[in-house]
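Next up is one chain by itself, shown in structure tokens, the form predicted on its own.
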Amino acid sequence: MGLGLGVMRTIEFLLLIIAILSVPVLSDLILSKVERRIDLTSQIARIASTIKAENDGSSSVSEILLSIPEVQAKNLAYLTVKLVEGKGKAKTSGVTLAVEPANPKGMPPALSFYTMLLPKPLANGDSVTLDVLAAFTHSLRPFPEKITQADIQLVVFQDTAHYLSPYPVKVQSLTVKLPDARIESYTKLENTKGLGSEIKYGPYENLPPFSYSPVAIHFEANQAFAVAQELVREIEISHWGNVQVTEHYDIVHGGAMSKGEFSRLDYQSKPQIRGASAFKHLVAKLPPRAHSIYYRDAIGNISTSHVRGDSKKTEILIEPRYPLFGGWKTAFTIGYGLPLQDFVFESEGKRFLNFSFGSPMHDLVTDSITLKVVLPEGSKYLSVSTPFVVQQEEEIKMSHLDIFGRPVVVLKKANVVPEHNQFFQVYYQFNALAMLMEPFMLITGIFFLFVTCIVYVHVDLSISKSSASYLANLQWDDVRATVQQIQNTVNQCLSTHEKLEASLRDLSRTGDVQACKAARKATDGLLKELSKELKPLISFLQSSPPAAHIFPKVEELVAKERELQERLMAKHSIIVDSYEKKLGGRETENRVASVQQKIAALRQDIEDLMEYIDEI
């Protein structure tokens, strides 16, 4: 089928070592039935195995060895083992078993071993059924390694038709699920069947330990080979009610390298033919109440994205600025906010963040992920709980209004797949009073700013208090204070006018003439008092030389207000008289129409004069 020379040499070398060293080293356990299912419908090779193990020895067994060829183990991203409970259709995956790397003596060095620890020892004659899931990255090798824009992408996958185990196997079978595309070629052994997009090997019976039968499958795979060479996720917690998530991606197409020229015209006219191997978009599944979503790169915001959501999830369809062919790269940032109460909780006097670890992108392979959890300033006694092994560090991030900086928990991991999207927890202690520190600093800063301004305005910077400029400033300050008092008094008069207008509205609603007359009498008394207050203020301005340029406008303002009083009183008298004579509404409106027009004009004049005086 044209496999690469280096690949064939690897297989031959592995076969040679196993042929020399393979001996039935472990005879207490027998694998009575093994069913393997390999899913190659994405760039991640997922191998699910259901293993039934029986203890055929005299002593109990507390652990089971799992072997993986070294050439595959270097690409192993995820491995989990679950105990199968029940029988038949009632079978369910139960307890997850602890899996640890092992180095048993006398085993072939070309194999990597892992120990599966059983929850209780397996006695003689007993059996246990396990579900094993392993995910491998970079296991689909492009062949050919370089293709043009018009070529489809073909890949090769290698494995063994026999289950490679240190234990003898009674019965085993293998099913390989491929994308719905053409299959170039595949290894044909005894009991091999090709059914559409599936290839079945077996069943094979009575296999000795380390039985190995290499198979290779060459098939079309045009699905997205999106690989994040580096992903930095920053989760910043604010106890004011928000969790802000920012994700920086460096993406590369990990499939067959593109060669030759790229034609945008050909791609747009026939994208399924002239761009079959490229991927056009990525899909990210965000939490259901994600908000303030953005998508940008070094140039700026990217508008080719679509968001849709419901009560269970929020999906964002991300389209890069250009389609990605093999070897092409792009870098972008997405960010979104989340409600604090959905992800931060309290337990036993501590708060903790409960968040998913991996990328929300569908079927994305991440070569290196750095996850930073930025806690509020003042957080202490930090601890982390993760469902798998990660590298952990701590650092400090300085942000606006910070004094000591915000503690940051940094988690790093290589070779991450969607199966790593499990929840982890970051525990910390935080005093709610610390939330007030930044607002207090802001208020204090503004307070001192205003105090500084007040001191600067009122400080005496003149050389002599007897100078002409100093005396002129004092006189002008008196004039400004007097004008301000006059404006305040006029505003009080205008407020009194509103009360008089309100009494007329009450009259139209209730018809109580006596209450309306009483309101007018009270208004008359108040306006007379305000008029008395204005007289000494007007006299002072009239006699003050610095007020010569502003006095005419102030005098006009007072005159306009008095005229407005007279017009309002006239309007009040007409309406009250009409009610007493029981005239109709239309006739009353005709009687006050001209007065009302003059009132409106006077109010506008007063407003203009007030603004003019404020500017002076």
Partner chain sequence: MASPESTINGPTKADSKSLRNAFGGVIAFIILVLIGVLAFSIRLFSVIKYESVIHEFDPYFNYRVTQFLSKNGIYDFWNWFDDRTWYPLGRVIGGTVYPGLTLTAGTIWKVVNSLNIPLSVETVCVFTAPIFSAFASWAAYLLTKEVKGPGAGLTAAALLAMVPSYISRSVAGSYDNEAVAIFALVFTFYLYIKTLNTGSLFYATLNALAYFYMVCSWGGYTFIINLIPMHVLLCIVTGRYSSRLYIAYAPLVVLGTLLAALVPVVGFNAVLTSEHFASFLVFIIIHVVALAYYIKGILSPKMFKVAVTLVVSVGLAVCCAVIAILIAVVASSPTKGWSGRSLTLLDPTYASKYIPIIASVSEHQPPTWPSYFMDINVLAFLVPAGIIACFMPLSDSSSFVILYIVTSVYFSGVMVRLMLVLAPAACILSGIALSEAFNVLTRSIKFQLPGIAGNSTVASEESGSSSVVAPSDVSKTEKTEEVAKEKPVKKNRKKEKENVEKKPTPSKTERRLLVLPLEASVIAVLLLVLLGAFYVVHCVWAAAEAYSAPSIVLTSQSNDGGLHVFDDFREAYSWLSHNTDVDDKVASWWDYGYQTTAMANRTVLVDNNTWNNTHIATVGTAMSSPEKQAWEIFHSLDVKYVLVVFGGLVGYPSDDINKFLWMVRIGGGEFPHIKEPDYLRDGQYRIDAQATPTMLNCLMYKLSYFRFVETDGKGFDRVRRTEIGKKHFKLTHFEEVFTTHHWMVRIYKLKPPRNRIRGKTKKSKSSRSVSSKRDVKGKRNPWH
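Numbering follows the first chain given and starts at 1. These numbers were taken from a predicted model, which means no experiment stands behind them. Superpose the two forms; the largest set of C-alphas matching within 1.5 Å is the rigid core.
Below, we turn to the form predicted in complex with its partner chain, even though it does not appear here.
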Notebook entry, point to check: Within 4.5 Å of its partner chain in the predicted bound form, heavy atoms considered, which of 472, 515, 396, 299?
Noted result: 299
Check: Using a 4.5 Å cut on heavy atoms, which of 198, 261, 190, 145 is close to its partner chain in the predicted bound form?
Finding: 261
Notebook entry, point to check: in the predicted bound form, which of 134-142, 356-364, 396-404, 181-189 comes within 4.5 Å of its partner chain (heavy atoms)?
Noted result: 396-404
Note to self: Taking its partner chain as it sits in the predicted bound form, is residue 343 in contact with it (heavy atom to heavy atom, 4.5 Å or less)?
What the structure shows: no
Notebook entry, point to check: Taking heavy atoms only, is residue 288 within 4.5 angstroms of its partner chain in the predicted bound form?
Noted result: no
Notebook entry, point to check: in the predicted bound form, does residue 265 have a heavy atom within 4.5 Å of its partner chain?
Noted result: yes
Next item on the list: May I ask you to state whether residue 330 is within 4.5 Å of its partner chain in the predicted bound form, using heavy atom distances?
Entry: yes
Next item on the list: Report whether all of 313, 315 and 425 sit within 4.5 Å of its partner chain in the predicted bound form, measuring from non-hydrogen atoms.
Entry: no
Note to self: Within 4.5 Å of its partner chain in the predicted bound form, counting any non-hydrogen atom, which residues from 538-567 show up?
What the structure shows: 549, 553
Item checked: Core-superposed C-alpha of residue 153 shifting 2 Å or more between the shown form and the other one -> no
Note to self: Following rigid core alignment, is the displacement of the residue 101 C-alpha between the shown form and the other one equal to or greater than 2 angstroms?
What the structure shows: no
Next item on the list: Align both forms on the core first, then report whether residue 404 has a C-alpha shift of 2 Å or more between the shown form and the other one.
Entry: no
